[in-house]
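Single chain ahead, written as structure tokens, the form predicted alone.
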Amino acid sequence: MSLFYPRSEEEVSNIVKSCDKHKVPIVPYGGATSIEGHTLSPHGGVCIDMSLMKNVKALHVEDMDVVVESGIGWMELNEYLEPHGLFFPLDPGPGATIGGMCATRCSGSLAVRYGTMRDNVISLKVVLPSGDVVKTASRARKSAAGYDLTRLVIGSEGTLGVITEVTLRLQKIPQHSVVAMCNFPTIKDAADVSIATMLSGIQVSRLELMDEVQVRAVNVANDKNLPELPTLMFEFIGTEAYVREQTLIVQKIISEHRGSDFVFAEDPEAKKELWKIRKEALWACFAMEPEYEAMISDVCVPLSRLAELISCSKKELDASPLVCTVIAHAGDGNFHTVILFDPNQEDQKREAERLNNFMVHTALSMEGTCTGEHGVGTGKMKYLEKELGIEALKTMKRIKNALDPNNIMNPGKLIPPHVCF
């Protein structure tokens, strides 16, 4: 497989034109933090690595938007924006790039307040499979001008073109914030508090859940002594008075659902330390089984079904011989499980697959999705027909064929191979 590092949109266009002419497959490449096989190359071809295209092209402070090349990372971007009192609110895995985040329609822990990638992108520039460059929208905050090409490309996982430029909606850095944490006797109690908090109308900026196994992993990895119980973490933002009011209301909800050990932090270092627990959750799991690999589920259901989904899944996970931890963006109904298994043991691999399959089909039975924020890639294709129906997949295939008749853009991803007209 050949590897290209373009430095400009023109270079991307020339590479794509040549590949289309000779029918050579293309795999666009961002930060490589996705976990569903988005950057695999089953047909060989060319990989276009966007890591050298990472410039900030224009910052409009008064409009609260920024125009960037697609190879810039979200963490790099926020370092650039901080002196201006602004930030980009999506926070997926460290190392993720803006182009890849658009391609996979990612989100993160702040999505409960600010929405997912589709809600925070104003417009894109995309090199189509023909090599032509299309701008999907103007810089206006809203528009009714034709098909929404921006949203079509977001989540297309490199199957419709290569994203070269992104105009992003920004937010003001909050005036004040508080991080809180509390424990519960059961994971259902914790999930019920998540639902009750959202129904109360409080606009939390983060609402994260970890089960007792995940907390144990944190203790092992970081030499901490946290109570090994299902745990909720909240973040409240706004004026100091508003934040205190929110904290008191949530404290009352917690007390009504058997919550305990409610602690909160306002000091910047203390807040950072608390969120570090959640951000490093995946790596903490490997402290329990350093030689194992992880299979990570990513399902999402309507919020009212979250407690039922987690309770049902937890029974299955606890009965399994594998070590399984639960992590959830609970305010969104988005639920992950980290399933640790020995890659050299076929029975363990089959058990991990079985658990993942069980959770996906349970979520689908609750009108949920097989992927809340990790994308489809190759790993979730087999579930799409059950979730969306064959007519939706045929519609996607028609769009794909119209824009990419030679099927050069990330072939073998997203649309199941059996879908035809």
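Keep in mind that what you see is a predicted model, and the values were worked out from it rather than measured. In case it trips you up, residue 1 is the first one in the sequence shown, and so on.
What comes next is about the form predicted together with another copy of the chain, which does not appear here.
| query | in the model of the complex, which of 282-290, 108-116, 347-355, 318-326 comes within 4.5 Å of another copy of the chain (heavy atoms)? | reply | After filtering at 4.5 Å, what remains is 108-116.
| message | Is Ile296 part of the interface with another copy of the chain in the model of the complex - any heavy atom within 4.5 Å? | response | No, Ile296 sits far enough from another copy of the chain in the model of the complex that none of its heavy atoms falls within 4.5 Å.
| Should Val24 be classed as touching another copy of the chain in the model of the complex when contacts are defined as heavy atoms within 4.5 Å? | Residue-level check for Val24: no, no contact with another copy of the chain.
| message | Is Asp132 near another copy of the chain? Define near as a heavy atom within 4.5 Å, in the model of the complex. | response | Looking in the model of the complex, residue contacts with another copy of the chain include Asp132, since a heavy atom lies within 4.5 Å.
| query | Going by a heavy atom distance of 4.5 Å, is Leu128 a contact of another copy of the chain in the model of the complex? | reply | Heavy-atom contact with another copy of the chain at 4.5 Å: present for Leu128.
| said: Which residue, Thr164, Ser156, Thr231, Ser313, is the contact with another copy of the chain in the model of the complex, using a 4.5 Å heavy atom cutoff? | reply: The residue from Thr164, Ser156, Thr231, Ser313 that makes the contact is Ser156.
| request: Go through Lys252, Lys276, Lys224, Lys172 and name the one with a heavy atom inside 4.5 Å of another copy of the chain in the model of the complex. | output: Contact with another copy of the chain in the model of the complex is made by Lys172 alone.
| Each of Met64, Tyr242 and Glu373 near another copy of the chain in the model of the complex, meaning some heavy atom within 4.5 Å? | Per the other structure, all of Met64, Tyr242 and Glu373 touch another copy of the chain.
| Is any part of 322-352 within 4.5 angstroms of another copy of the chain in the model of the complex by a non-hydrogen atom, and which residues would that be? | If the 4.5 Å heavy-atom criterion is applied to another copy of the chain in the model of the complex, 322-352 yields His329, Asp332, Asn334.
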